[in-house]
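Next up: just one chain, as structure tokens, the form predicted on its own.
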């Protein structure tokens, strides 16, 4: 297919104008709103993120408010979206924008790339939608659409392939680069689906080489697969006499960094050893259940214990009522799963041994 031809781009834009979803961040060219929406859309479905987006921009309506926010409050607003580093990078970038860019979000692709958490796709989306820069925004949807349009069997997991596709699409960019990028993404989200695409409804099906050759179901090609590591973990719910639970802030680096959670260590370290060393707790542990949580690259298989403590001899964690934990802290899903064991009726009859 000749990607420099404007014939298919015009058909795509006409389709987009008639069929695009009325999303709130499409009602504005404000780079702050577009930035927040694009970061939230990473690893998250649009329908899922909408209530989070509305609440987020209501609480932090501009970059200055975001930069000034307390991290715990920011993470609480992000709770449920997962991949918390996205929120932390938003916070870091907002502070840089306020201090180094006088509160104005950079208006071009190259400068946007310098901000934490903004990669080629997000930078291109903001630059094209808000500042009319002719640069292609290439996400998973666009990779799929382009691979089928061109009948390309190049591995879309390779960075070289992504760069080639971005370059090719940037060469056929019409005068409405923002609309074009959104149209490509929308086509992938609504029509050119990973499985069972609606080819008969596609506005550019006459230009689709994969449809012509019968290769639609074979594309795109993504050879690389994530090898997920499984870790055996031990966690503990430490309860005081008031029914409060011990939570502690996780290290600044690593998985779930900077978030609050219950004491947890790898099984070979031993949760009992950790509690004795950190808090001088000597009460025996009682196993109350097993749970599992799957991250992108790691799976935690967790043995969950409980102990009752009268005194708190350490200075690392704090005791909080379960209700306040959920209302005031951004508790990752892995730890929320543990609360279900604590709240279960069977736990009330569990003896401490």
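The structure displayed is predicted, hence computed values, not measured ones. Numbering follows the first chain given and starts at 1.
The same protein also has a form predicted together with the DNA, omitted here; what follows describes it.
Although the partner is absent here, residue 38 is a contact residue: one of its heavy atoms lies within 4.5 angstroms of the DNA in the predicted bound form.
Though the partner is left out of this view, residue 54 does not reach within 4.5 Å of the DNA in the predicted bound form, counting heavy atoms only. Under a 4.5 angstroms non-hydrogen atom cutoff, the DNA in the predicted bound form has residue 83 among its neighbouring residues. At the 4.5 Å threshold, heavy atoms of residue 287 stay clear of the DNA in the predicted bound form, well away from it. Of the candidate stretches 261 to 269, 240 to 248, 184 to 192, 98 to 106, only 184 to 192 contains residues with a heavy atom within 4.5 Å of the DNA in the predicted bound form.
Only one of 318, 298, 326, 68 lies close to the DNA in the predicted bound form, with a heavy atom inside 4.5 Å, and it is 298. Only one of 130, 74, 255, 211 lies close to the DNA in the predicted bound form, with a heavy atom inside 4.5 Å, and it is 255. Residues 115, 116, 117, 118, 119, 120, 121, 122 are the ones in 113 to 135 with at least one heavy atom within 4.5 Å of the DNA in the predicted bound form, listed in sequence order.
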